[in-house]
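The chain below stands alone and is given as structure tokens, in the form predicted alone.
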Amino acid sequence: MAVVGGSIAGCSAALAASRTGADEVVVYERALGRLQDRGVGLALHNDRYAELEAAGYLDAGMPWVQLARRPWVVRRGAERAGHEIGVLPFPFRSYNWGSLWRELRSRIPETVTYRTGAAVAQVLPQEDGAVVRLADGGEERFDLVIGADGYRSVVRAAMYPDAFARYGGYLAWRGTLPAEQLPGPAEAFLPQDATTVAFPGGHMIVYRIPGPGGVGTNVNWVFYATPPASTRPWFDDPTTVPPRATTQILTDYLHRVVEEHFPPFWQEVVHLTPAEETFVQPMYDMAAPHFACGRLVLLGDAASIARPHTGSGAIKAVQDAAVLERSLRSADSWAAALHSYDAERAPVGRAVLELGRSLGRAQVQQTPEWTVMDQRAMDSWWQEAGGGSGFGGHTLRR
């Protein structure tokens, strides 16, 4: 089997493939750099963690931070940390992307070949397998090719050339900084909080994550807003956008909004974040018609892209891998296994996509008048936005 892509999705897919008893598993990762240096945060619902721990993909040895509450605050008067308008439950474990990747990578058996600097240019389906064509001209044939290569997937392009990511109209600015650099007072940002700063046309969620390599604690923030209209052509075509790209225009816009709408404490959090630890993430939507076709199969963002609002993110890829493993183990043919996988995961991918759109409208594109909200209004608004159904990911079937 071949796995195209070697990040969290690819490592999870390689684990799944190796556990099915495949004679050969090869991972193709285009990057030459150190994926473990990516310090962005991600959060995993406690219930989803329990399922993936039982499936053997995650365990308590992977560095994490327990979260519990999601206070929502707005700027009001001289209140340094803002005025709290409501609190939603947030039973999540947070992770450092790079540390989680490293832990998953370390679990891949030595029998798996993991190649870096191996860019896949094309995947050619065949009746009983597929050929992986590399950018350097080399070719290799496999019985099954797993696309774990993100929203620009070449595997998906071989299956469904017209299924490509579409820009949702707004961005997430992301940043991290060491927790010891937080401004005072300490009680403005409690350790188990995922504080959300709301403003007209967006919000910023902030929570703690493990530091690089699991050492210390960092603060991870994600700021959602619609950028100036002049920037839209930069993101309409996802194949032309450099990953993590940012510009002075986008940085200036972020700082303008923060200074106009944020309480002083949260202004300082953003301004204290080093420029090299800040980047942008366009919101894209896509769900492949099917997650398997012939001897090609998709998982993670290659299969469907969920906006971060859904609270599923990278963990959806680990769930996909766990279901793929179960399907390959239990079926008596390739066709039956891939049909079973697609039947279970494709509906989940579509549901998460729609939830992301709904939460994006409620939290960014059609925000309420935050300053008049109270706890009752927050609870009602959250349910209407879809936050009570599927937030944090969907339950894995047994």
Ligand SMILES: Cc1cc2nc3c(=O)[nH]c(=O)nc-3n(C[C@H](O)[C@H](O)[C@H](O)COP(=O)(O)OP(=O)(O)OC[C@H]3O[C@@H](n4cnc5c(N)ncnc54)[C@H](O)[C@@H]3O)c2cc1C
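Numbers follow the displayed sequence, beginning with 1. Everything quoted here is computed from the prediction, not taken from an experiment.
Form predicted in complex with this ligand: not shown, discussed below.
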In the predicted bound form, residue 317 touching this ligand (heavy atom, 4.5 Å): yes
Using the partner position in the predicted bound form, report whether residue 301 sits within 4.5 Å of this ligand, counting heavy atoms only. yes
Taking heavy atoms only, is residue 357 within 4.5 angstroms of this ligand in the predicted bound form? no
Should residue 45 be counted as a contact of this ligand in the predicted bound form, where contact means heavy atoms within 4.5 Å? no
Look at the stretches 336-344, 53-61, 363-371, 24-32 and give the one with heavy atoms within 4.5 Å of this ligand in the predicted bound form. 24-32
May I ask you to choose, among 154, 87, 112, 287, the residue with a heavy atom within 4.5 Å of this ligand in the predicted bound form? 154
Please pick, from 227, 211, 150, 263, the one residue with any non-hydrogen atom lying within 4.5 angstroms of this ligand in the predicted bound form. 150
Residues of 322-340 having any heavy atom within 4.5 Å of this ligand in the predicted bound form, listed in sequence order: none
